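As structure tokens, one chain now follows by itself in the form predicted alone.
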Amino acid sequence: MDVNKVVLKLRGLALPLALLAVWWIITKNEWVSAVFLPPPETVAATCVKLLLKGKIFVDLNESITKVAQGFLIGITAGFVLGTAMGLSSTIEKLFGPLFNAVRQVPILGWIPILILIFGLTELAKIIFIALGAFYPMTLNTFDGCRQLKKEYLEVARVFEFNKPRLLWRFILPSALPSILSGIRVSMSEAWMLVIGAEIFFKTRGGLGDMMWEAKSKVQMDIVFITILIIGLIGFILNHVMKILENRLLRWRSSN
């Protein structure tokens, strides 16, 4: 076992443990009302109750399902547009200005339009999440396609590769680091936006709805539990994506 890695991991736990200690001290001395800042033991007890009832798993499944759908739609559309603009200056001139203008609109600014078109439906939530995943995927794919070395293009011309073969043999492998980075960022965006979607679109189910309902009833222990779950799942998703990215790009370090 690498001692240095263990030490680094333990250092990473130092701040969370310090925050937990400060939280416990504040609540123990009643410096803040327990109504607004429940003690850690109360939050832990409530978490156990919710786990035994299965409510957390139901809401978590709702959120993950919407994230998966929006994420897949967003990265697929972003990959297609980013690749098309990266390979064709004509397509870039046609769609680039519009894309750059539209992405300046804050993502929350699309909520009224989506509600007007789709109503307070699951489809509106999924499209909202897809928009968040679409932007970083498009930008990263476009940048990756444009970073192809001129030497590779010269080799492709010598062997008279057609565009599909050039794409699969040179462009996509060269753009893979940027594409994988876009996927990771898109996943983070999708996970963050699902909470906003579940709050702002006012439909039942999901962690966002669970948090909003608890906030309305001043059940701050449940609010804290929801925040912790959201942060934990986000951390796990990002960590998994980093592992996959490192494994898929292992060939680069061996060259």
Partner chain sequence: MKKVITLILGLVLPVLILIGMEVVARFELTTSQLFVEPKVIFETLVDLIKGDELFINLGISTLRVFIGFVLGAAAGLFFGTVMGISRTFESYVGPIFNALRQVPVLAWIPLFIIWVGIDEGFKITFIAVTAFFPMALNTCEGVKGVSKSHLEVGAVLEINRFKQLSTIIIPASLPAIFTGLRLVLSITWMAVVGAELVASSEGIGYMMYRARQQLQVDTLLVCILAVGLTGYVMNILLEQIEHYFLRWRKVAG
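Numbering follows the first chain given and starts at 1. Please read all numbers here as calculations on a predicted model, not as lab measurements.
The next section is about a form of this same protein that is not shown, the form predicted in complex with the partner chain.
K.L.:
May I ask whether Pro39, Leu51 and Phe57 each come within 4.5 Å of the partner chain in the predicted bound form, counting any non-hydrogen atom?
P.N.:
Judged in the predicted bound form, none of Pro39, Leu51 and Phe57 sits within 4.5 Å of the partner chain.
K.L.:
Any of the heavy atoms of Gly196 lying within 4.5 Å of the partner chain in the predicted bound form?
P.N.:
Heavy-atom contact with the partner chain at 4.5 Å: present for Gly196.
K.L.:
Look up in the predicted bound form whether Val80 has a non-hydrogen atom within 4.5 angstroms of the partner chain, and give yes or no.
P.N.:
Judged by the heavy-atom cut-off of 4.5 Å, Val80 is well away from the partner chain in the predicted bound form.
K.L.:
How about Ser88 - does it come within 4.5 Å of the partner chain in the predicted bound form, if we only consider non-hydrogen atoms?
P.N.:
Judged by the heavy-atom cut-off of 4.5 Å, Ser88 is well away from the partner chain in the predicted bound form.
K.L.:
Can you check whether Val67 is within 4.5 Å of the partner chain in the predicted bound form, heavy atom basis?
P.N.:
Output for Val67 is no: heavy atoms all beyond 4.5 Å of the partner chain.
K.L.:
Though the partner is not shown here, which residues of 78 to 99 have a heavy atom within 4.5 Å of the partner chain in the predicted bound form?
P.N.:
Thr90, Lys93, Leu94, Phe95, Pro97, Leu98, in sequence order.
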